[in-house]
Structures are given as C-alpha cells and as structure tokens.
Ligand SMILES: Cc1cc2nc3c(=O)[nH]c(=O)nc-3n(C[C@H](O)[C@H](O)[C@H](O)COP(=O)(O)OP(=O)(O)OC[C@H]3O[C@@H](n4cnc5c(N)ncnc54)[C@H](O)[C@@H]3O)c2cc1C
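Quick heads-up: it's one chain on its own, the form predicted alone, in structure tokens.
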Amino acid sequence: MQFCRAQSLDAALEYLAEWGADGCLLAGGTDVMVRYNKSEIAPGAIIHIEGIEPLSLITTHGRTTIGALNTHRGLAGDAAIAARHPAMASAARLVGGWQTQAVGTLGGNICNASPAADLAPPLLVADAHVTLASMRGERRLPLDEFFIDRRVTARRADELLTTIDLEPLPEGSAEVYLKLGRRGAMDVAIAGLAVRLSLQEDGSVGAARVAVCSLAATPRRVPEAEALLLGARLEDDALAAAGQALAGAVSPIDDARGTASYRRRVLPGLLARAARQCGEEARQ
C-alpha cells in the first residue's frame, strides 16, 4: 500500500485521478482506520488530506459554507455555527468521545454514510448541499441526493468532497437535535431527530423541516411529518398526528442498540419534545 500526502487541493485531486477506486482518503481517520484494521477495506493507496488548509475554512456570507476538514470539536465551539446552526453545534458535541470529536471531520462523517450519522439530520433540515471536486471540475448536490444507501454515496471515485453549504436559521425560527441513546454521547444513536420550525404571528407553524438518523438505510427528511406540522399549532393533537406520521414513514431495523418497534414507539414523544422546544425558542 502506498501513502500519498496531499498538501494542496490540486495534489489531492491528482492523486484521486491516478488511483480512482483504489485510493482511500484519510483526514482524521476515525472511520477509515477502524475499517482498515477490521480488513473491511484494503486500498492500494492512502491519500492523506488533513493538511489542506482551505478545506478548514468557514464563511458566513449568505449561506454558511463549511470546509470538509472542520472537526466536530471545532464546529461545536464555533460562535458563528452556534448562532446560525445550533442543532449542528449540538450534534457535533454528541459525536463519539472527545478524542473522536478532536480529529473526526464533517466531510468524513458525511462520506462515511452511516445511517446513524449525528450531523446529517441537522444538515438536512438546513437544506445542506455538498460540493464535489475532481480534475474534471466541480458539481454541487443536495445532501439528500448524496446519500444513496448504507455507506454508499453519490461521490465518484475521483472526487473529493470540499465544502458543505447550508441555510442559516431564519429570524423567528428555531431548531433542535435530539439523540436517543444509552448515554448522551459516545454511543451510536438509537434514534436521532432534527427539527427546524418557523412560527407565524398567530403561533401556527409557517415552515417545518424534520430529519432523522438511525431510522432507515440513510439519514433522511420526513415530509409526511413536515406536512402535518405545517399550519398547525404546537398542541397535543397536532403533535400526536405528526408523531404517528413520523413513526409510520421510517424503516428502522432490529440491532444491538434497540428494536424497530422500540424505535417507532419513542418517535412521537421525541418529535413532540423537539417541536415544543423549537416553539419556545422561536417565540423568544
């Protein structure tokens, strides 16, 4: 196996063009090294990209643009992210332990395409798009089109995910990420839920976005629940209906962390809690 250290974006793209599917990108390594040590992957080349400085930038002109090499710890402590994307800042604090947060990157979390990726639901409710670069040029995709299946994405073998851009929280809106697990952090989520709501002057919901992880083969938006929240007041009947729609729309599995029936059973309460919290924060 060959080790290739890319110190610029151009160098990384040249290595990817050379190695294609036989090249493996490495930044923080929190997923790649685990899979390598388990013999789940056997690349011909490791392409190390951790030192490419432009991929660690954050810009806040209009939409927020986040370089793929920003770490979870960095996102959790960034003042602009906390103000514009509080659900993502919250989720970043719940990814693994502090060692993982210190080196694990946003781009790695997305490209790993785990069904349980904590950062994915907050990104999805913020209308996130990814930019993919190669020697052939760039293309931009909505995040919900980037996720194809469990650990399968739309990234081509010669492409590097460079940035993620997303819509900041509008005025009069609030968002929250709730993670159900055996512990608040460290554990993979039994279920993860992000909600972004905007309230109208009469207190009804003017816009609603709901996204989940650990409840399907990929993290995903749930339009069935969004439709029932739209125009509703955050009262028991409306929240119960949206919660039942959410539970019926997902496709969880039985695994070591929880059963599919348990995951469905807790979702209505989780959604009601998230929606009420959004309502209180939006009114403030």
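The first residue of the shown sequence is 1; numbering continues from there. Just so we're clear, the structure is a prediction, and the values are computed from it rather than from any experiment.
We do not show the form predicted together with this ligand, though everything after this point is about it.
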{"query": "Option from 190 to 198, 155 to 163, 204 to 212, 135 to 143 whose residues, in the predicted complex, bring a heavy atom within 4.5 Å of this ligand", "finding": "155 to 163"}
{"query": "Triple contact flag 25, 104 and 108 to this ligand in the predicted complex, non-hydrogen atom at 4.5 angstroms", "finding": "yes"}
{"query": "Contact residue in the predicted complex, chosen from 172, 168, 96, 77 - any heavy atom within 4.5 Å of this ligand", "finding": "96"}
{"query": "Listed residue (44, 51, 29, 223) with a non-hydrogen atom within 4.5 angstroms of this ligand in the predicted complex", "finding": "29"}
{"query": "4.5 Å heavy atom contact, residue 179 and this ligand in the predicted complex", "finding": "yes"}
{"query": "This ligand contact at residue 72 in the predicted complex, heavy atom, 4.5 Å", "finding": "yes"}
{"query": "Residue contact check: residue 81 to this ligand in the predicted complex, 4.5 Å heavy atom", "finding": "no"}
{"query": "Interface membership of residue 100, this ligand in the predicted complex, 4.5 Å heavy atom rule", "finding": "yes"}
